[in-house]
Each structure stands twice: as structure tokens, then as C-alpha cells.
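Subsequent text provides C-alpha cells for two forms of one protein chain, presented individually as structure 1 and structure 2.
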Structure 1
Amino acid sequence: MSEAAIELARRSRGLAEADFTEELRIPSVGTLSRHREDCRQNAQWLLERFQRMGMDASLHEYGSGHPTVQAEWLAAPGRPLLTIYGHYDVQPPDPLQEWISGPFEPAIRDGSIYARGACDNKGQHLSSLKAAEYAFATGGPALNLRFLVEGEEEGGGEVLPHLLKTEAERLRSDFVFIHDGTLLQLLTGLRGNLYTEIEVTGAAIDLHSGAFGGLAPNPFNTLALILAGLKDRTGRVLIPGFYDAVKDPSPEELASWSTLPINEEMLLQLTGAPALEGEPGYSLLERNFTRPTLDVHGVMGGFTDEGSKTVIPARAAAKVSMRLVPDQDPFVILEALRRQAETLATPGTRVVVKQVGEVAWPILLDSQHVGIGAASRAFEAAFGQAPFLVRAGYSIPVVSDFAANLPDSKIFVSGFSGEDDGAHSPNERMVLDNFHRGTEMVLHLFDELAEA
């Protein structure tokens, strides 16, 4: 089947790019309420395309969240069922002044298409959608097929988790392809994420620093002491018990990672930083894949306008997150953070540590199931190279949702976005050749999994 579908895909590249451009024009920023209707428009756009190719498609609604698009075709008796996951919501495009072309005005330059959502995640799920379209146009997929494309990945939400929890039996799948990864990488594990806010309060009101300096507690001074006491200059986290559950990677993993085309020079070029940091005694990839981290994202309070104002603020706060690794319990870590912050606080101040948003649990995935081999062969057929088996330093919360609710499914996580495609950044892009080859990879995947 794949040969005819691949030939059709190659003849239809111009039409596929037109669809890609059309979806990218929809400003489906899931975390901003003013884009609520744009998110629904994007969901409807996908729904109509699934229905057009003959799939049974609908929108799953729950509460006030953005709908999840679900589409399925179960007309291949005796063949396995593949569920493909993606998301249509995108990050806010700020800072706008750093975009060369408008974030929702797709532009093609030097073989890449630039727009918010190009690689995260519209180019990803659309390549799979187009593969399904070409398969249906040339006789139908070689296996049963389902899509779940949500609208709340970037900010967290309840719609897809509700669907997975309440309809787990109906959604049972032989394979789940989480289409939200990096080109030529199959993920065997992901770090989790615990996001917090540390708030320090002192006097009941802001005070004059001349009249009360040296007398009244300063929440900013205390917050600075707390933040400095959470991590040392080498990058090691100082929270007692933080590393107790952390395990080293296996020798086999370390040997496999040594062949990855990732080095310090490449990372310096990607980041634009003058130097890298991290715990001494661990390689670059160990620090990124298997070591937990702590980072400060923002500090709020006091006077921040131009000029001067001599005030002791009544409140100061910081946003702090921790990327956790398998076997670390986010809620144990949260309590340890609270104890450390309270220990570091100075007299006259009160400290509150709050969890912000939902926890993303760290996870290890089975790297030996037949879907991994099938995906590897599909990558090799489309891209001429087998993928690397790696862990990821980032979090994809939905992976844990699928693993918890569909425990018998063989899950694999990958994608067609390059490391330098700028997800979440100004001038986000996707290389069009990767987009088109990605469609061919999914067509090969259909055939490989059908025989797995």
C-alpha cells in the first residue's frame, strides 16, 4: 500500500504546504483567553479534514477547556490499532519584535516555513494527517487508525485526561504514537516538571527604606537568600533529600548516547551562551537526560519602573521549577522545598511555597517492544537513517496520561522537528523536507505496524 500512497504524497507536496500554511494562520494560542475562538476554529479545521477522508470524527468537550479532536477508522479487522497524538494549541508568540515575519503570517525562507506552531506541533500532527489522507486515497490504511489532537498541551488542561480516564476501554490501542518529539529520536524516558511559586512577606505595607531600613524585614533580601540556598555555583541542588531517589543510567544507555551528534560546540551555538553549566562529574547528556534540575524563571515584587523609589516591599515572590527524573516523587520534593525555604527564611518574614499548575511526572518507557523496531525501520525508509534511542530533558505530561490509562498500549514518542527549529521561540520553523519526509515515515509506519 505504501508505495502508491508515497507516490501520491510526493505529487501532492504543494497542496500539503498550502494546508500547512492555512493551519499556521490560525492563532490558536491555548493559554490566552482572547484566543479561545481561534482554538475552536483550529479544532473545527482538523475535524473537517478527518471527516472529509471518511473517518468517524467528533470534538470531545469537557468543562471550559479547548476541545480534543478525536477521529477513528476501525475497518481493518484482525489488524492492530494505532492511536496518533498531537496538539493544535501553540505558545504565545512574544516577543513580537524579534520575529522576522509575523508569527501567524507563515513565510517560507531557505526551505523552511516560519510561524508560531510550525514545529510545535502543527507540522507534526499535520504530517500524520496527510499520511492518513494519502492512505485512504489509495485503498485505505493497512491497520486501524485513531487520532487524538488536543488543544491544551502548552498550558495543561483537563479535556484529554478526562477523555482518557472516562473512555479508557473504548480507547484501548495496540500502539500509541506520541507525535511531539525530535527528528531521528525515539524517546525512552522523559523528565517530569514541578512548578512552584515561593512567596515571602514581611511588613503589612511597603515601608520607607530610610525610616525603617535596618529595622523592618525585607522580603526581597530574604527571597535572595532562599534562592541562593537552593542551588550552588556548580549547579547542584542543595535541598536535603533531593537526590535520594535518583538512579544512574545503565551502561547500555551511556554507550548508546555516546554516538549522538550532540556536543558542547553545538549546544553553545544553539543557546548563544558563552559557556554551559551543570553538575561536575556528569556528561552533557547525563545532565540533560538523567539529572534533576532547579531553575528560577521570574522574580516579582517591589519597584521595577524606571528611576528610583526607596521602598522596602511588603512582598516578594519567585517562580521556581524543578525538572525531575524517574523515581523522584514530585510531592515529596515539594515538601522538601518547603522545609528548605522555611529554614532559610530570616526573622520577621513568612514564607509560602505553592504548587503552580499540574505536576508532570517523570517516566521511563519500554524501549524493547515491537513498535520501536517498526518506527526505526519507518524512519530509515523515509530519512535514510535509523533513529537514536534517547531520553528527553523536557516533559510531555500526556505520555503519563496515556501510560496510566492505556497500560497495555505500546507507546513510542518521536517527531520530525529539528533541535534548532526554535520551538517556543521567535522565528519558530519547520524544514519542509522534514515535513514531507515525515509524512512518508508515517506511511511506512502504517505498513510496519500492520505486520508487527
Structure 2
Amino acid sequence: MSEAAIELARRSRGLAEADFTEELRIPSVGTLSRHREDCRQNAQWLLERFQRMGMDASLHEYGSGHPTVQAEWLAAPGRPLLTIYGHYDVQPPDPLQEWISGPFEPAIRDGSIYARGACDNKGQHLSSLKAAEYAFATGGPALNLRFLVEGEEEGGGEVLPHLLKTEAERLRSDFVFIHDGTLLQLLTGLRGNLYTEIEVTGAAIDLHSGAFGGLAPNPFNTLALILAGLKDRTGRVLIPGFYDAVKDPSPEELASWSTLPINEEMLLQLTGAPALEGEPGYSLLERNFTRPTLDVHGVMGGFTDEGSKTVIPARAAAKVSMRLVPDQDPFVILEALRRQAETLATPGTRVVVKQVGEVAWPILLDSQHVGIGAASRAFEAAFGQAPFLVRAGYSIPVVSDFAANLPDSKIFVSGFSGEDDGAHSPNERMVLDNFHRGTEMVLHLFDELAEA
């Protein structure tokens, strides 16, 4: 059946681009309250498209969050059920002056469409939606199908996690395609993230460094001692017990990564750094995919304006996050960090370590299941190339939410967005050919999974 659908997809490229442009025009910035109605409008826009193709579609709401769009078609008894995840919320478009065309005025240049959300994630979930549309128009997909398109991915939302948690039984799926990834990459694991603030207090009031220098504790100097005592010059984290639960990757994973076209020279060029830094004894990809690390993101307190002010502040604090890997437990690590920070504090100071936001758990996905093989063949059919099996250094919390609540599902994470498509940046784009081939890939995937 996919042949007729693929034929239709090829004939409909112009119409698909018109729909793409329409969704991109909706400024669905999820984290800005003034775009609240735009988010609802985007949910409604998707709802109507799913209903139009005959799917049973509804909006799910919880608390004050943006609605999750659910669309189901369960009319293929005996066939597997595939759930496709996407998100319609986008990042704020700032800095505006760096956009060549307006972030919500989609423009096509050199075969790419430029707009906020083009690759993250409208171009991605829309290519899946189009695949479903063509499948229904040519006899219906060969398997049962569900879409879950949320509106809170960029802000860390509650609606979809709540839905997954409270309706886990109803949402059971054979396969879950987290359609928020990178072209020709199938993710088999993600690092977790524990974000903290380390606050050091000294005197009760700000002091003059002339009158009190050499007498009073300086929270900044102590904070520097603490931060320097968390990670050494080579990049090895110094928190006692930090590496205890860390697992080595499998020989198959290591072998697969060795074929990836990523090397030091490329990363030096990409970052513009004089040299790379990281834990010794591991390859670049091991350091990013399978080794935990610790980074300082900002330091608050004292005087930071132009010029000089000789203040010994009462308080200094640092934002510090740790990328964690299986099987590190974020809450065990948080306690170990607390102990280490307290050990490093000086006599005139007090240190408090606070967790910021939600923990993202590290996750390792089954990289051998039939869905992976099916997705590989579908990629090869549509793009002429098999995808790489890789882990990610970053975190996608929703992957853990699906894994925790739908433990029987075979999950895979991928997408059609290029590394250089500028997700979260000005002039975000999607290569239109990738968008259209992506639709064909999803049509192939329907067939492959139906037989799996």
C-alpha cells in the first residue's frame, strides 16, 4: 500500500509545503504567556487536520499547561500500535535582529524553509502527519496509529507526563517513535541532567574589602574553592562516589560509533575553542555519550557592572549542572554533591545546595528491538542511507516519561532535522527535501512495523 501513498506524497509536495507554512505562521512560543492563545490555536489546527483524515482526535488538558493533541486510529485489529510523539511549542525567537526573514513569516531560500519551529518540531511532526494523511487517502495505514503532540516540550511541561502516568494502560503501544531527533541518527540512550544552585553565605551584610579584607570570609573565594573541588583540571569529576554506578558501553555500541563522521578537528572548528577538554582515557564520543560530567553555567552575587566596587558580598551562588549516565541516580549524586560542597566550605561560610527544576533521568534504550531494524530500513528506503545508532549527550525528558509509563513499548528516537538546521537559534530552518523524504520514510515505517 505504501506505493500508492508515496506516489500521492510525491504529487502533493506543493500542498504539503503550503500546510507547513500555515503551521509555521502560528507563533506558538510555549514559555511566553502572551502566546498562550497562539499555542491553543496550534493545538486546534492540528486537531482539525487529524479529524479531517478520520482519526479520533481530542485535546488533553491538565493544570495551567498547553493542551496535548491526541489522535487515534485503532481499526487494524491484530496489527501493532505505533505512537508518534511530537511537540508544537517553539522556543522564543530572540535575538530578532539576527533573523534574515521574520521568525513567524516562513520564507523559502535555497531549498530550505526558514522560520522558528521549522525543524524543532513542526517540520518533524508535520511530516508524520502528512504520512498518515496519505496513508488514509490510499486505503488506510497497515497498523494502528496514535499521535501525541504536546505543547510544552521547550518549557518542561506537565500535561503529557500526567496523561502518560494516569492513562498508561489505555496508552499502551507496541512502538513509540519519539519524533524529535536528528536525521540519520537513531538514539539508543540519552544522558540525564541534574541542575543545581550552590549558594555560599558569609557575613550577614555586604562588607568593604578595605575595611574587612583579611578578616571576613568572602563567599566568592570559597565558592571558587568548592567549584575547583568538584572537577579537576583534566575534566574528571571529584565528587566522591560520582562514577560508582557508571556503566561502560557495549562493544557493539563502541563499534557503531567508530564509523560516525565526528572527529576532533571537526569539533574544534565547530566550537572555535583552542583545544577540546574532557575526561582522559575516553574517546570523544564516549565522553559525550557515556561519561557523566559537570558544568558551571553562571555565578550570581556581588558586583558585575563596569568598573570597580570593592565589595565582599554576603552571598554568592553558582548554577551547576551534571550530565548523568546509566545507572547514576540523580538523587544519590545530589546528596554526594551536598557532602562534597560542605566539606569544601571554609569556616566563615555556610553552603546550601538546591536542586533547580526537574531531574532528567539518564536512559539506555534497547538498541536491538525490531523497531530499530524497521526504522533503519525505512530510512534507507527514503534517504538511501542507513542511520547511525548513537546515544545523545543531551537529555529529552519525555523519553524517560514514555519508558517509565509504557515499559512494554519499543521506543526509538529519531527525526529529519539536520545538525546545522539551527534549532533554538535565529534562522532556524528545515531542508524541504528532508521534510518530504521524511514523509516517505514514515510511510515505509508504517509498512515495516506492520510486519514486525
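Residue numbering: structure 1 sequence, from 1. For clarity, a rigid core is taken as the largest C-alpha set superposing within 1.5 Å between two forms. Just so we're clear, the structure is a prediction, and the values are computed from it rather than from any experiment.
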Pair member that is the form predicted in complex with a further copy of the same chain: 2
Is the shift of residue 218 between the two structures large enough to count as movement, that is, does its C-alpha move by 2 Å or more after the core is superposed? yes
Once the two forms are fit on the core, has residue 112 moved its CA by at least 2 Å between the two structures? no
Residue 349: Cα shift of 2 Å or greater between the two structures (core-aligned): yes
Where the core is superposed, what shift in Å does the CA of residue 303 undergo between the two structures? 5.9
